[in-house]
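Only one chain is given next, in structure tokens, and it is the form predicted on its own.
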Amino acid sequence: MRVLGIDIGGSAFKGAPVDTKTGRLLAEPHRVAITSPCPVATGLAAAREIARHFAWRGPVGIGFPGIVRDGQIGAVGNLGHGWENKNGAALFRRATGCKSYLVNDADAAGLAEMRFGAGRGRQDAVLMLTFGTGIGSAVFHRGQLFPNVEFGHIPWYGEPIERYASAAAKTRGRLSWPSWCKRVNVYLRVVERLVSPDLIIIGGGVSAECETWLRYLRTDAEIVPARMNNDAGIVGAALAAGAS
């Protein structure tokens, strides 16, 4: 099955057609830059541009950075509160002209890694973490997803902990890799205490540079970089739509 997957991040909408049987992108991703918070009209225009770029008429899967239940958007972080309490599936269907399915963005990345990447074949407890503008999280047990886990929003000195340990925090603070990894280790100790995973998969843009930073991380669980890098969100969004 071919599905257009769109991954929404804090700095861009990225999309490409996906073969959901193989997890292969069928074209180079098209990227539309945004800033966060992102007005609803701007975001919908970005999704429309991606669909038009590929002249798409089939189903669309969208990895959305917030709580998603049956296409309805709940709490939203970096993308902005203007998206909250809206029927996201209907909004994106009107914007793209295609049947649209929404899933939490980190859940999408996790679905891709569990199907085609670092979590393939694992039946124990797996935690997927994506480091970007914020920190996304997805939890799996026996291959099944527990949806909408938001470990990036654990309170930390009055703010979400992602403000302290995300990839964007590294950029804002001009931190070296070892200095940033000290913060990430604080975060990892907190989440390990909460869910005791057997495997932690680290994704997001930083996964492409894993040889630089992975050795500084300290966990009880096995920890590995995502194999699909930044394509995971696109692929997983397509998978979720294809299964709907």
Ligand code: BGC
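The structure presented is a predicted model; accordingly, all values stated were derived computationally and were not measured. Sequential numbering from 1, following the sequence displayed.
A second form of this protein, the form predicted in complex with the ligand, is not displayed here; the remarks below concern that form.
K.L.:
Identify, from the list Ala112, Ile135, Met128, Leu102, the residue with a heavy atom within 4.5 Å of the ligand in the model of the complex.
P.N.:
So the residue touching the ligand in the model of the complex, by this definition, is Ile135.
K.L.:
Would you check, heavy atoms only and a 4.5 Å threshold, whether Lys170 touches the ligand in the model of the complex?
P.N.:
No - in the model of the complex, heavy atoms of Lys170 and the ligand never come within 4.5 Å of each other.
K.L.:
Would you please decide whether Pro197 lies within 4.5 angstroms of the ligand in the model of the complex, comparing each non-hydrogen atom pair?
P.N.:
No - in the model of the complex, heavy atoms of Pro197 and the ligand never come within 4.5 Å of each other.
K.L.:
Taking heavy atoms and a 4.5 Å cut-off, does His153 contact the ligand in the model of the complex?
P.N.:
Yes, contact at 4.5 Å.
K.L.:
Counting only non-hydrogen atoms and a 4.5 angstroms cut-off, does Gly77 reach the ligand in the model of the complex?
P.N.:
The answer is yes: Gly77 has a heavy atom within 4.5 Å of the ligand.
K.L.:
Check, residue by residue, if Gly66, Ala106 and Glu162 all come within 4.5 Å of the ligand in the model of the complex, counting heavy atoms only.
P.N.:
Yes, the whole trio is in contact, each within 4.5 Å by some heavy atom.
K.L.:
Given the stretches 33-41, 180-188, 210-218, 58-66, which is the single one in contact with the ligand in the model of the complex, using a heavy atom cutoff of 4.5 Å?
P.N.:
Answer to the contact question: 58-66.
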